[in-house]
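Take a look at this single chain in structure tokens; it is the form predicted alone.
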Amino acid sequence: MIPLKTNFLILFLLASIDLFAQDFYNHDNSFKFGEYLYNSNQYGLAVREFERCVFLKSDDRESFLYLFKIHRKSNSFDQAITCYKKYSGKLDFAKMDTAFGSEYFKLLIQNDKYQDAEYFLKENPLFKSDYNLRISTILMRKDWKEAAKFENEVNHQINKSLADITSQGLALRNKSPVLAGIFSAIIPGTGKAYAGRWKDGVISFLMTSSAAFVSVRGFNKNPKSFYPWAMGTLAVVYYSGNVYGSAQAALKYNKNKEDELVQKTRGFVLGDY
């Protein structure tokens, strides 16, 4: 037979464990723990806590917002949209509040949906006066002149970082693909050097000129031999490829310079400006 004191001790421990468990897993404690996990970037564990919160309280806006943020930061597009639909009943982005709207905008930018992001800003009345986000969509479609025009229209009420990107975009000096091709047609490799690819230009010059030199030398020695004809053909291939490659190098140069500014704009939007 178990002593009476032991029975009381067992009952006390069981009651304490039960009370502790109930307290630990209630909504408020789960939310606080979820916030801690979120702030320490433990998103996988944080999801569990916030899902428990919305299970305990189905209209818990803050928990849904945290879940939306986690899915956005994890770049889980479909999960983020599903999360918002569970909260609001449908995806009516025109009625999103600023907190959800900002995260939704970032989600679109992360997934390169620039046109959708621009459309969202136009449709949601809460973001019509957010000039920084509006000019960012213009910058991400690389329309530097339009961005400068917009900046003037809003009396320069633009973040300095975005204003600088606009100025850098206007100052870009694109390389001409035609000119790059002409340069390489005259002197092989110079078109690639013009496009900023000096090493490729030197290699192209050496390969083309070497093949041409060996071909000419071979013809002088034995014009009936197959070898000079083969080297001559190779020289023509190198020459043609170099002209075409120089034009492509100029296009790539222009794209890379513009893409650098787009990435700067993305960094601004995706950061907590």
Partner chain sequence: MKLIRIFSITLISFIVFETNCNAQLFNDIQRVDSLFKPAPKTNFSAFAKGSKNEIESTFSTMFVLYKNFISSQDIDACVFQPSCSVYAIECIHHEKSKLIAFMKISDRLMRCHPLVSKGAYKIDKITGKNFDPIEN
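Because the structure is a prediction, the values reported are computed rather than measured. Positions refer to the first chain, counted from 1.
The form predicted in complex with the partner chain is left out here; the points below concern that form.
Chemist: Which is the contacting stretch out of 194 to 202, 79 to 87, 124 to 132, 141 to 149, given heavy atoms within 4.5 Å of the partner chain in the model of the complex?
Modeler: Going through the listed ranges, the match is 194 to 202.
Chemist: Does at least one non-hydrogen atom of residue 65 fall within 4.5 angstroms of the partner chain in the model of the complex?
Modeler: Residue 65: no contact with the partner chain in the model of the complex.
Chemist: Against the partner chain in the model of the complex, would residue 257 count as a contact residue? Criterion: heavy atoms within 4.5 Å.
Modeler: Contact with the partner chain, no.
Chemist: Can residue 241 be called a contact residue for the partner chain in the model of the complex at 4.5 Å between heavy atoms?
Modeler: Contact check for residue 241: yes, within 4.5 Å of the partner chain in the model of the complex.
Chemist: Heavy atoms within 4.5 Å of the partner chain in the model of the complex: does residue 252 have any?
Modeler: Yes, residue 252 is a contact residue.
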